[in-house]
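So this first bit is one chain, no partners, the form predicted on its own, shown in structure tokens.
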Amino acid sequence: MNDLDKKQDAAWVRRLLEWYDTNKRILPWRSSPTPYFVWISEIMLQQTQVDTVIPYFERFVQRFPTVSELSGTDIEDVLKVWQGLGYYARARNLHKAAGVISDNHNGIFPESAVELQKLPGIGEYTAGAVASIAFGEAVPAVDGNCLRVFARFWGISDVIDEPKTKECIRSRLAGYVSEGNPSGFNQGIMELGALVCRPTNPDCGQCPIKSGCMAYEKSLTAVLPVRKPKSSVPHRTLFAAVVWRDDKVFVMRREYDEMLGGLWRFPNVTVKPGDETSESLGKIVEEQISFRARITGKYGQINHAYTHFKVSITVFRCEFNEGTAISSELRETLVNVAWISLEDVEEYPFDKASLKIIDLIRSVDFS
């Protein structure tokens, strides 16, 4: 492509930038696009809607306004502030990366996408977003919105979930990101995908780059992008034990390297089909907490959906009876178990399913 053809072909970049400048939403991280704020927002926005993120972002940066204050706090405090936002590995990686920035970079953010990718929890997209928005580096930031926009714009019929398709789009965009302001370019694409080129019912009439869009011209917006068929979501049945000793309940903290690591939970066990009896609950006491307890009632059931599976949890009320209060294995790491009152639960970070259990406990009167 000669220079004249490229200039004409890149006219959509100018239209995109003009549209973004006029239509961009007012967001807290945009009003102060420091590297730290951009980084926090981009991590939070992974697989999470903007409206959900805003209050979490505001609370987070109020509690941890700088990378040094984030690195200097305890991970449990970070998880507590993050509580409810989900995908908790993001919070743990934020804390780890803050430590690396403080210890290895004197508290100063790396400015290139290549260096940013060396930090925990930062992949190619996040590195591109932070580098372009905070530092003006001419590098694409290819997220789900971007993939959808350009699968339609360029009429790409390959499966969008495939790495080779993503790399194709990223490579093509690399030739255009330097045509204008890299920050406005990448944020303009994100905003276009969020507000106009939506997954369903795109508002093509308001699209600044509809001229030249293959999907628009050929009425393929309902067909593109092409995705892999969704597999069925597995369902699991669990029993949970709420064990009381006087006015306190027993809780356990998950190991940091497991799902929902660092968050507190009630003892629970996955129940196999055909074994859905209260006898299965005894296994919780024997295998997980190693003290005697007796079932005194049933609170009820809660349902919860994770990213890749759903659970139904039957919650039993139990009373501490006698025996070793904490198993020998748990005694070696007492920090991972606790007896707490319901009034104290606000001091501990719990996952959403456990919070539902707490709400259920509070709603049932066994007196």
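Counting begins at 1, following the sequence as shown. Just so you know, these numbers come straight off a predicted model, no measurement behind them.
Form predicted together with the DNA: not shown, discussed below.
Counting only non-hydrogen atoms and a 4.5 angstroms cut-off, does Pro120 reach the DNA in the predicted complex?
Contact with the DNA, yes.
Is there a heavy atom of His95 lying 4.5 Å or less from a heavy atom of the DNA in the predicted complex?
Judged by the heavy-atom cut-off of 4.5 Å, His95 is well away from the DNA in the predicted complex.
So, Phe185 and the DNA: in the predicted complex, are they within 4.5 Å at any heavy atom pair?
It does not: once the DNA is placed as it appears in the predicted complex, Phe185 has no heavy atom within 4.5 Å of it.
Evaluate Thr126 for contact with the DNA in the predicted complex, applying a 4.5 angstroms cut-off between non-hydrogen atoms, and reply yes or no.
It does: once the DNA is placed as it appears in the predicted complex, Thr126 has a heavy atom within 4.5 Å of it.
With the partner left out here, if you bring back the DNA in the predicted complex, are Met190, Ala194 and Tyr306 all within 4.5 Å of it by some heavy atom?
Yes, all three are in contact.
Name the single residue among Gly175, Pro199, Gly297, Gly72 that comes within 4.5 Å of the DNA in the predicted complex, judging by heavy atoms.
None of the others qualify; the residue that does is Pro199.
Let me know the one among Pro208, Gly180, Gly155, Gly144 whose heavy atoms come within 4.5 Å of the DNA in the predicted complex, would you?
Filtering the options by heavy-atom distance leaves Gly144.
Select, from the options 213-221, 144-152, 242-250, 99-107, the stretch whose residues sit within 4.5 angstroms of the DNA in the predicted complex by heavy atom distance.
Of the stretches listed, the one contacting the partner is 144-152.
Give, in sequence order, every residue of 74-111 that has a heavy atom within 4.5 Å of the DNA in the predicted complex, or say none if there are no such residues.
Stretch hits, in order: Gly84, Leu85, Gly86, Tyr87, Tyr88, Arg90, Asn93.
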